Ligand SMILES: C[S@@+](CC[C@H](N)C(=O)[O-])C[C@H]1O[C@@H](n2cnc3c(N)ncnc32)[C@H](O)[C@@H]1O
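Have a look below at one chain only, the form predicted on its own, in structure tokens format.
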Amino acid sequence: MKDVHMLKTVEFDKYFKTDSWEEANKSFFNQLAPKYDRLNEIISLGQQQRYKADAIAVLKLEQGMRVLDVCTGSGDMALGMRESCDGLHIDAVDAASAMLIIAKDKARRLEARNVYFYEASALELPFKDNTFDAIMMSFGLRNLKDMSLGLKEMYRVLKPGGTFTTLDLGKPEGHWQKALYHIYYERLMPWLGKVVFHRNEYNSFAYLSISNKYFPSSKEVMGMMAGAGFRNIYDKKYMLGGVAQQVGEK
């Protein structure tokens, strides 16, 4: 019943013929894959590379570290970590095979060594306990069927003393910030997605605004991280609070 409720909440049930949240979510991102990078650049108003670089910086990456990018999508964060620090071993996982094809192609074109992509669920990571020095998750937590379980999995594979961070849409707090967010994410973006980018298919711009109504606040995410075992937890805001990052240590 939980799957059915989630499918109806974000209107996946109208486009994807399955009762499974995981299968519908995978189909959505496989469909979205060819447009994914271009849409992210538009949604972020060209700011994504800046705040993603800042998000990576909190991991304090050093040569020789083994790091993990969960829900890697088209591989931007995995390749961004490689660019920020030489000598890393980077593993990256995603459930959508079409996304991984794009990520692997980028890595080949960049001649990126020591970056390895795997098709896997964030709820069942194919790695041993205490494997990674740092873990990144970018715009992936909202897509998990069970966010608490996902956070526990990332805690499991993180080494003691390692850093985990998640980056996603935020919930602006000031009056005018809320007003701008409402106009941009809940009005303009869904319209643009429907008219220009997603004719006769699921509108990813609408998904962001719809799902964010049910996505936990930064404070709630930090509480979930604490429940999974993380400590020294804090958050950062970007784009007037429209994007938020939570950071914790094992």
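Residue numbers here begin at 1 and follow the sequence given. It should be emphasised that the depicted structure is a prediction, and the values quoted were computed from it without experimental measurement.
A second form of this protein, the form predicted together with the named molecule, is not displayed here; the remarks below concern that form.
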*Pick from 126-134, 157-165, 83-91, 96-104: which stretch has a heavy atom within 4.5 Å of the named molecule in the model of the complex?*
96-104
*Among Gly73, Ser138 and Asn143, does every residue place a heavy atom within 4.5 Å of the named molecule in the model of the complex?*
yes
*in the model of the complex, Phe205 touching the named molecule (heavy atom, 4.5 Å)*: no
*Counting only non-hydrogen atoms and a 4.5 angstroms cut-off, does Glu22 reach the named molecule in the model of the complex?*
yes
_I'd like to check something about Gln31: if you look in the model of the complex, is any of its heavy atoms closer than or equal to 4.5 Å to a heavy atom of the named molecule?_
no
*With heavy atoms only and a cut-off of 4.5 Å, decide whether Ala120 touches the named molecule in the model of the complex.*
yes
